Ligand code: PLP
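Below sits a lone chain in structure tokens, taken as the form predicted on its own.
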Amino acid sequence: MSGEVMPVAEAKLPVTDWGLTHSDITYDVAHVWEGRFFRLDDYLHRFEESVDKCRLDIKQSRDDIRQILHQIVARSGLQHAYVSFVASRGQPATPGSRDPRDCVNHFYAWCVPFVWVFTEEMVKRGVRIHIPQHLHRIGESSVDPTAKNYHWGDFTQGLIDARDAGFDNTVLIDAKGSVTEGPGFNIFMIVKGQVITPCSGVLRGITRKVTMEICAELGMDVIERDINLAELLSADEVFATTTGGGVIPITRINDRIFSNNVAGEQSLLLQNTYWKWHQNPTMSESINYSP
């Protein structure tokens, strides 16, 4: 923060930062696996696009951010890490101003040990997703889902409902009844060998992108289109994609159980291939941990 590397516990934001008070912020999350950043350029490119969409202006270039991310991971010594980088609106130069253009935008980044969106226990016994019908995803005409953001009011309520009902996580539908995404992950279904994923109201996830590339390599057709809840519940297999865990087979949504409550065969193939791709040096870059 402000050019200084420090322990996460010592990092601070002013209470009047608009990133805090207005959720006026964008960010991205890359990951380090076995001492290497995976697909870092994809994450940096999406971050730059998000910064532009949010009309934020930070002084760090892509090369600067790459260097900062390498620096903090190297300093931490983490071989498996969750690495977040953030652009915030900041504070108005004139106290009390309500004009976003008066704010001094700023960049910061942090890393912690690798974060699994779905725990090992969940994955082992089968991931269970709850999709409420009374709660809708924030409309994409109000908050652009392709600019990664902290607007989690809808997701937070969905997560509370899911946990209260005994599920692991949530996916939300939009006001039209189309399936969107979950907090930190995209959703896919497999129907008669075709892989289908929502195209509206979703972040263009990097793991989503990688999975679509894997499907192409394996000769599996991928379709991006709107999906309604009934279609999703009638699918042969369903899986999630996330930076925090890769390809995650889902065995239950609401009352519907998939693949006899075990991970689907094609979902497992995609999952295994995803982790194999981490061993491809053309898709990752090593971190220099030397002092």
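Heads up: residue numbers just count along the shown sequence, starting at 1. As the structure is a prediction and not an experimental result, all values here were calculated from the model.
Below, we refer to the form predicted together with the named molecule, which is not included among the displayed structures.
Comment: 144-152 is the region of 212-220, 124-132, 144-152, 104-112 lying near the named molecule in the predicted complex, near meaning a non-hydrogen atom within 4.5 Å. Contact annotation for G90: none of its heavy atoms lies within 4.5 Å of the named molecule in the predicted complex.
Using a 4.5 angstroms threshold between heavy atoms, T251 stays clear of the named molecule in the predicted complex. Although the partner is absent here, S178 sits far enough away that none of its heavy atoms falls within 4.5 Å of the named molecule in the predicted complex.
Using a 4.5 angstroms threshold between heavy atoms, I206 counts as touching the named molecule in the predicted complex. Residues are counted as partner-facing when one of their heavy atoms sits within 4.5 Å of the named molecule in the predicted complex; in 232-270 these are T241, T242, T243, in sequence order.
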